[in-house]
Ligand code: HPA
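Okay, so here's just one chain, in structure tokens, the form predicted alone.
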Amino acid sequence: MTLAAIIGGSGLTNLKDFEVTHREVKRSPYGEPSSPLVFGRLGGQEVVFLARHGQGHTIPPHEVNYRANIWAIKETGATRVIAVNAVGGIAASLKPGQLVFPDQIIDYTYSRNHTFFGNGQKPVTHIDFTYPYCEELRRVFIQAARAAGIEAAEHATYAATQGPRFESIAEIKRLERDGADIVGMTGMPETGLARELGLCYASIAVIANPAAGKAAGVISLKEIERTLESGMQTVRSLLERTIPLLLTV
């Protein structure tokens, strides 16, 4: 049985020191996942990796087949899912390159296939989403980050927007009024779908840039790429510490 699954987002399409054993192309009732599932060992433990945006980062956030991705991961036998998300920083305390472990989420997306239920499935099924992220897994992130001396925000609210464009200043002000600390385009429906399938799911978010209006000038894609390059190095370091700890919980 696979111990854990990792969903890599922008800036994380592969893992350093990941000993690949095999790749598997999975079909699902919801279409094809974003990429083949890559199986191997990380930190001495079995892991399966999936690139959310495809191997060549060709799938924009609003076109990711989230249902197929989560279904495929569930089929591997994985019970824990570590999602890596690149986000913009809204809260003034959050700096580019910093890691964040969100504990709440607000969904602003639309027209995405956001549930496994419906389409003739009876009866109607409601899931509890009071605490969207798996607290057990979040505690492991926090423990690993503290042990490694990695600066990370241990609580935050993630605003999931539609994309693929970035937000306007007015939109960021609205999200801030709503209580959001970070903003990204891939948090939903992925988080909700994982809950529907009973997966222990949590996010390691990387601040790629200050959100619109939170820094002088416009958002620079080149600056985002530079920030993610260093930020994802920190994520890789955290993952190497996190995976072995999963055996203890």
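Numbering starts at 1 and follows the sequence shown. Just so it is clear, the structure is predicted and the values come from calculations on it, not from any experiment.
The form predicted together with hypoxanthine (HPA) is left out here; the points below concern that form.
Asks: May I ask whether V87, E167 and A211 all come within 4.5 angstroms of hypoxanthine (HPA) in the model of the complex, judged by heavy atoms?
Replies: Verified in the model of the complex; spot residues all in contact, yes.
Asks: May I ask you to state whether I219 is within 4.5 Å of hypoxanthine (HPA) in the model of the complex, using heavy atom distances?
Replies: I219: yes, in contact with hypoxanthine (HPA) in the model of the complex.
Asks: Any chance G184 has a heavy atom within 4.5 Å of hypoxanthine (HPA) in the model of the complex?
Replies: Contact check for G184: yes, within 4.5 Å of hypoxanthine (HPA) in the model of the complex.
Asks: For the chain shown here without its partner, which stretch in 203 to 211, 35 to 43, 49 to 57, 62 to 70 has non-hydrogen atoms within 4.5 angstroms of hypoxanthine (HPA) in the model of the complex?
Replies: So the stretch in question is 203 to 211.
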